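Single chain ahead, by itself, as structure tokens, in the form predicted alone.
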Amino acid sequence: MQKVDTFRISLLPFCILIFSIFALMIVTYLAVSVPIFQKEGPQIYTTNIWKAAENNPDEEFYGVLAAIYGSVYTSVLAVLIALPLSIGFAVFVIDYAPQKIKEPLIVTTDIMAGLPTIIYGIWGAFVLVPMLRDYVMYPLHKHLGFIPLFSFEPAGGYSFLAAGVLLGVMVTPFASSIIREAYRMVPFTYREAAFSLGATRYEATKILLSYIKPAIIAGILLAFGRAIGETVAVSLVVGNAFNIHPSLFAPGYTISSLIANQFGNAFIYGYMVSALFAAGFFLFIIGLAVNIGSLIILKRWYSHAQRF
């Protein structure tokens, strides 16, 4: 017993270190963001103005509303794409895939989840964007341009849609792994009970998916948290323009791509660094809230599933 207590105490410094780093990150973001908060207040988050003045800091004004809009827009698109793909892949792998290809499929998706994001970004810029522009954006804009979603002329193809599709592809392996493991954990007796009542395979699948609904929600929320913080890949395909437009084909900015593009020359301006840290702090809070919420949901479901 004493050895166990000693071992627990020996692990305490590592826990303290992790939480200290986390707290230091929050303090750093807040401390560096103070100048822009004092100068602009909440307008940093409610305006779409990006005015840099190298020689006169008083003329500077930074609003990151367009970047917030773009982050949420592209992440929602990614979730809408990833949700059916993740659920469909999880069901296919567990219930329908032949044993010979089941493990290779799982390994492939795990590899995709771990690939460097720059790989996705290059593929998106040179393959995905031209394909979407020529075969999706132009036809929809030509025939359905009167609809706000398709009203923006897709000149280059770099747009919210391209970023959303790319993010959807990137987060699908991540979300599907969570949904797959939850679906695998459904007790076999539940499957037997569904079939014994005369349910078809489709009906049985619907029943089992309803059982893991909290895990599906948690997986999608985690995928959303990952999508909203993606940087390099999105920067290559989103268009990088301070634009708030309802059209899928319009170029835009995300918070991550804004920081990546502007941080290199931010130090020559009086308030730009502070503004970028303020944007990063907003993204930090969103990601923290989404991940905490999804982990709570997932933990509750696992504790419920282990009772059966």
Partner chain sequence: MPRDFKEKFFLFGIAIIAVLTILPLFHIIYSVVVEGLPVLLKGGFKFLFGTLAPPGDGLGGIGPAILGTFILTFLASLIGLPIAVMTGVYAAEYPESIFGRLARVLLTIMMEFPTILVGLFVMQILVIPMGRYSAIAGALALAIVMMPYVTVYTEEALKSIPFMYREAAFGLGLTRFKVVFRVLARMAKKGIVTGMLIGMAKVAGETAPLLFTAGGANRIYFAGVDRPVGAISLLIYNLVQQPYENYHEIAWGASLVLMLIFLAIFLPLRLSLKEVKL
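Quick caveat, the model's predicted, so the values are computed rather than measured. Positions refer to the first chain, counted from 1. Note that the rigid core is defined as the largest set of C-alphas that superpose within 1.5 Å between two forms.
Note that the form predicted together with its partner chain isn't included here; everything after this is about it.
Notebook entry, point to check: Can you pick the stretch from 251 to 259, 50 to 58, 34 to 42, 65 to 73 whose heavy atoms fall within 4.5 Å of its partner chain in the predicted complex?
Noted result: Of the options given, it is 251 to 259.
Notebook entry, point to check: Does any heavy atom of Phe146 come within 4.5 Å of a heavy atom of its partner chain in the predicted complex?
Noted result: The answer is no: Phe146 has no heavy atom within 4.5 Å of its partner chain.
Notebook entry, point to check: Though only this chain appears here, would Thr46 touch its partner chain in the predicted complex if you measure heavy atom gaps against 4.5 Å?
Noted result: Close contact is absent here: in the predicted complex, Thr46 is far from its partner chain, nothing within 4.5 Å, heavy atoms only.
Check: Taking 4.5 angstroms as the cut-off for heavy atoms, does Asp110 touch its partner chain in the predicted complex?
Finding: Flag for Asp110 set to yes.
Margin query: Although the partner isn't part of this model, could you tell me whether Thr205 comes within 4.5 Å of its partner chain in the predicted complex, counting any heavy atom of the residue?
Written below: Result yes; Thr205 sits at the interface with its partner chain in the predicted complex.
Check: Only one of Ile106, Ile217, Val136, Met185 has a non-hydrogen atom within 4.5 angstroms of its partner chain in the predicted complex; which is it?
Finding: In short, Ile106.
Next item on the list: Give, in sequence order, every residue of 26 to 60 that has a heavy atom within 4.5 Å of its partner chain in the predicted complex, or say none if there are no such residues.
Entry: Read in sequence order, the residues that approach its partner chain (within 4.5 Å, in the predicted complex) are Thr28, Tyr29, Val32.
Margin query: Given a superposition on the rigid core, I'd like a yes or no on whether Ile285 shifts its C-alpha by 2 Å or more between this form and the one not shown.
Written below: Ile285 C-alpha, core-superposed: shift of less than 2 Å.
Item checked: Leu295: Cα shift of 2 Å or greater between this form and the one not shown (core-aligned) -> Superposed on the core, Leu295 moves its C-alpha less than 2 Å between this form and the one not shown.
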